[in-house]
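Before any questions on how it binds or moves, here is one chain, the form predicted on its own, in structure tokens.
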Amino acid sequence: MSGTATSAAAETSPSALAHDLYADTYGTPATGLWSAPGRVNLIGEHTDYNNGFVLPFAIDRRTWCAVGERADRSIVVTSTLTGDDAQISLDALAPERLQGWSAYVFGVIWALGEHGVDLTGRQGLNLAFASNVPLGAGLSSSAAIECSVAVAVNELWDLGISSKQLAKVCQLAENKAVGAPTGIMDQTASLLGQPGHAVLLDCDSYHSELVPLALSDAGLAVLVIDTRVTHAHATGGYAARRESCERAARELGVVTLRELTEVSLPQARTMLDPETFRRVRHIATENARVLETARVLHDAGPRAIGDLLVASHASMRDDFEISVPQLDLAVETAMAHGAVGARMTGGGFGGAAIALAPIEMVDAIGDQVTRAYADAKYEPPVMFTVAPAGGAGRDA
């Protein structure tokens, strides 16, 4: 693979970085170290906030959070990712007072209060973060931060909140404290992921089940192609797509687009303008693709899902219009050079594509993508493989 490729195993351990940063910043060892993974969404894009189906998996790239209690009521955060430390009192937590990357941290603690946790008698916390989840790449670095905080505070404060409820807490933090109108998929994958499995989530009932994703047994790997075109979910196209879906649901007389199936599309076409209809068509067909992918994984294994991944990308490119030329080039090049399937992953407007590829072809595919980007005069992509990993928890 190209020289831009990286390996999580080859990097300096972020867990050690978080541990050392805590000691250097606060002058004492942390009480404990917790971590949470990023995620790759295998299929099911923009269906989560429409109460539909998604099929993500937690990846073997994580955010580590070293935490200890304070004698006062301050929450203090520092990170290897940014030079901007931040501090706030538990008494001052409110969404309108939170900004920057620390809003993901402070927002979770605020959301725990909204969930019913009494914050009045709590001591403050010191937190230090390190991560190898790429920022802005569509791999949910934000949920990794949120979920690492959630499991740490849940244990330190002996709250006894289930992982499924913590996912709702973290989603509330991202929606209200950060202002990003995302669904619950990212947090669910980060909290409930298991090695060798994807998580099939019904975003209406919150029912989830593990789906075998035996990549190594099938001789496959998932190659992440980070376009390095950054995106921000709190602004821009993501919010516009969500508003379009909500408007379409109102015009069609349904609570959410989850209620629509492919059978509903001919009638929907007569009731909506062409652009809004394309948005609806993506949601209806993507929900169907998620369920079919889960079925095929059970029945035939991962080598049989390639066409579904490609169809998903085409739908996001043409109907939902959330791809960018760098993503399209990554998918087209990977497919032309031996990938079983490929698609963009994440909210779109940048971020990453994934290629499901035979292990022995990963390096060659990476080289071809790098060459294609150079020919197109795009910034070189960053590429690495990921595997289905376990969810958030305590490491030390």
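Throughout, we count residues from 1 along the sequence that is shown. In this text, all values refer to a predicted model and were calculated from it rather than measured experimentally.
From this point on, the text means the form predicted together with alpha-D-galactopyranose, which you will not see here.
- Only one of 30-38, 353-361, 48-56, 331-339 places residue heavy atoms within 4.5 angstroms of alpha-D-galactopyranose in the predicted bound form, namely 48-56.
- Shown alone here, I184 lies within 4.5 Å of alpha-D-galactopyranose in the predicted bound form, counting heavy atoms only.
- alpha-D-galactopyranose in the predicted bound form comes within 4.5 Å of no heavy atom belonging to G366.
- Taking alpha-D-galactopyranose as positioned in the predicted bound form, the residues of 342-364 that bring a heavy atom within 4.5 Å of it are, in sequence order, G346, G347.
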